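Only one chain is given next, in structure tokens, and it is the form predicted on its own.
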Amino acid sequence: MSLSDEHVEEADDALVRRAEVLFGKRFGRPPRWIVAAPGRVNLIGEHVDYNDGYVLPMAIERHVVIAADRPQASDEDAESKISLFSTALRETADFAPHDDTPSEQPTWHDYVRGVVAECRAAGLEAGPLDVVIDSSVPLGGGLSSSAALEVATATLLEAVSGDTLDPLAKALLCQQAEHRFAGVPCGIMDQFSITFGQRDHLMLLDCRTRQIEQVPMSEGDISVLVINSNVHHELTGGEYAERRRQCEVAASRLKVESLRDVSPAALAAAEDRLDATHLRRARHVVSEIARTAAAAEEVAAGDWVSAGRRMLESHVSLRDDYEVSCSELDLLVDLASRNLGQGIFGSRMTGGGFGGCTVTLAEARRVDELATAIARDYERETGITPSWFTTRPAAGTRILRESG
């Protein structure tokens, strides 16, 4: 089967071709399989997926592409291993297909190893493989490059084995791999966005029931602007896991299963049960869940002004109550907000925080002009050159080549 022109366009034509060429240069033959999985950006609903809340992400037009083939029969050493090459990191890694022991110090290839191990447990055998991984998803920018790698790996093993996983099972399998092999207690948003993404749709995901509602965003005059601050502050306290524990403590003190079960009014009435820190964490989660549900309705109705206002409220909450922003992200949001009503509807940090990216809702006809001005002013004030791109909601993971 040759590459589908439609699928190549969706998965970044240049990236797919580059992965194919690099595989040929490295291994001396064309790849038998090529798969792609998009990154994701979350329009609103941050740090609530592990609190059983609602999130409103979308797949983006940036991808992880994997090109692969069986080792050549003449290479006896390769017959017993999976050999990886990451073009983004310029690093190699080898491991046995049946190696299912998590590393003490996880690295990038543990995302692949974890998925291979989880797929093997589900009945999908990888066997030996030569693999080239290429990516246009920024690393460490809060756009789920790791989840894209996980889902792309699972999709590759579907192609290799000839078996197909139920999409829900695939997303959960990849989440479990991240828990076990990367040591990150992530929620389900990233893997679900990348697996179930639809072109021109946001995805309203109920993280408790796992019910998905595809929210149309068909207006071509609206763009999503992603600006990478190009900073990621090195923190030592395990902040992601700490926030999760704080939410669990707050839920326990409020005598509920999760903060999803607390309304804004109920939280206000029970403030005396929480100390200042746990109250702030709970207040963010409870208000963010309500904001996300409202924003989904506003997007569906084409009410971009109201949806943008929710995004700005979300950022303030993440900055002040959840305390996961930083000065660079705050500056990018402030610079975007100076253009409210002039092509910008709203802006907020996205992802885990402490650096990474902002997401901004903007008029397509003005977005390049506005992004250039924001980037110029950000560099002037920080001395850091940001990077940015615009995207529309993209399709989820897919097999692009599958030859016998």
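What you are looking at is a predicted structure, and each value in this text was computed from that prediction instead of being measured. For every residue, the number given is its place in the sequence shown, counted from 1.
What follows is about the form predicted together with adenosine-5'-diphosphate, which we do not show.
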Counting only non-hydrogen atoms, choose the one of 278-286, 199-207, 106-114, 217-225 that falls within 4.5 Å of adenosine-5'-diphosphate in the model of the complex. 106-114
Looking in the model of the complex, any heavy atom of Thr155 within 4.5 Å of adenosine-5'-diphosphate? no
Quick check on Gly187: any heavy atom within 4.5 Å of adenosine-5'-diphosphate in the model of the complex? no
Is Ser229 close to adenosine-5'-diphosphate in the model of the complex, meaning a heavy atom pair under 4.5 Å apart or at it? no
Decide whether Ser258 counts as a contact residue for adenosine-5'-diphosphate in the model of the complex under a heavy atom distance cut-off of 4.5 Å. no
Could you tell me if all three of Ala296, Ala301 and Met311 have a heavy atom no more than 4.5 Å from adenosine-5'-diphosphate in the model of the complex? no
Could you tell me which one of Val262, Leu149, Ile82, Leu332 places a heavy atom within 4.5 Å of adenosine-5'-diphosphate in the model of the complex? Leu149
Identify which of Glu328, Asp130, Glu178, Glu118 has a heavy atom within 4.5 Å of adenosine-5'-diphosphate in the model of the complex; exactly one of them does. Glu178
Residues within stretch 135-154 having a non-hydrogen atom within 4.5 Å of adenosine-5'-diphosphate in the model of the complex: Ser135, Pro138, Leu139, Gly140, Gly141, Gly142, Leu143, Ser144, Ser145, Ser146, Leu149
